[in-house]
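A single chain, nothing else alongside it, follows as structure tokens in the form predicted alone.
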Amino acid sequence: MKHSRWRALLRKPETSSFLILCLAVVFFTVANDRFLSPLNVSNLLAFLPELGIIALGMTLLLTAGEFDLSVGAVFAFCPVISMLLVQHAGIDLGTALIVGFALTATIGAANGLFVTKAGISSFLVTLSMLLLVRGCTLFATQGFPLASWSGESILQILLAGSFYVGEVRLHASIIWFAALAALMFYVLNYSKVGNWISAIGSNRSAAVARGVPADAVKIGLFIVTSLLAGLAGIISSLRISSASPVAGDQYELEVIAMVVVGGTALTGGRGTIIGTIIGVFLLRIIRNGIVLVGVPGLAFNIFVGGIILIMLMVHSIVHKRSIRS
């Protein structure tokens, strides 16, 4: 029984990702004693949840066999539009955020409709949307970051407030990330919608034949992914007290890398929220750790590319063995 349980555990895609994460933590801890210092842990956890929130939506979308390249542009668009409304239209922060999220949901719905109803690949649709949204954001701001949010409201505290656990400073975003991860884990693994998502990603035609509303599910997932990108952007802008039109540049690639490293299949049908959480921590730890040990930050993409290739091979081997057994 024990051997069978260990074999079942080793077949999970999350296991290999977790082992790599543990090795990375040990390596950077040995290489630099400041890695686990309260200050460095605080810095590491300050930005990590924001990319993690986007990665949660991307996990569901990839499981359904689609992906969204516009999330980085939406990350900048939502806070920029909200801040413009606050500063130039005299609208309060809460109303401005509602408008910003409504526009963000519209972007996601447009992505979903073009993919499902027009039959255009999600790569082309969301690449076009990336350029369109980023262009609108740059035009609206003339390429300049907007001034800081004025005042400190309850919304700002709830979205971007900070608190201490011992000597480590944490932000409210870590709570949002944990809560959303728990919700997405339940949806993907224990709900009917989760079964639909996996079925659509595995074999869309078979899923539709069984009565699964594939188009509606995909449109919903595009909306959710876009909303999560907008939420992450709002949290980030509130945390640093400014909104930049170039924020989120290339986040879409980093987020997809986090999800894939965690064990979610690019071909659809297999997704893991736990693996995504591990992937988020792994890539952020590597980005933080290589700087601490003296490797130029520009070399980060080299490490990420290598890890993605390694993890893809590992996940492929594990998946093939699990099918045979």
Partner chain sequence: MVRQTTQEVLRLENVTKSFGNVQALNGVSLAVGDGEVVALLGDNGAGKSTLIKAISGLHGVDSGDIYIGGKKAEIRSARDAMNLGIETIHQDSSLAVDLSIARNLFLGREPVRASFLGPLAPLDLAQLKRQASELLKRVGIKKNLDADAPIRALSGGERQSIAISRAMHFFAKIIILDEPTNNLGVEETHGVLNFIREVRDAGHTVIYITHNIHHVFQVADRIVIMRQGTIVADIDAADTDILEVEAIITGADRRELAAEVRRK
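Residue numbers count along the first chain shown, from 1. Model, not experiment: these values are computed from the prediction.
Below, we refer to the form predicted together with the partner chain, which is not included among the displayed structures.
Taking the partner from the other structure, the partner chain in the predicted complex has no heavy atom within 4.5 Å of any heavy atom of residue 181. Residue 192 belongs to the set of residues with a heavy atom inside 4.5 Å of the partner chain in the predicted complex. Proximity of residue 269 to the partner chain in the predicted complex falls within the 4.5 Å heavy atom cutoff. When the partner chain is considered in the predicted complex, residue 205 lines it closely, a heavy atom lying within 4.5 Å.
Checking 127-135, 196-204, 161-169, 234-242 against the partner chain in the predicted complex, the stretch whose residues place heavy atoms within 4.5 Å of it is 196-204. Listed residues 211, 119, 90, 94 were compared with the partner chain in the predicted complex; 211 is the one with a heavy atom within 4.5 Å. The single contact residue among 253, 98, 187, 140, judged by any heavy atom lying within 4.5 Å of the partner chain in the predicted complex, is 187.
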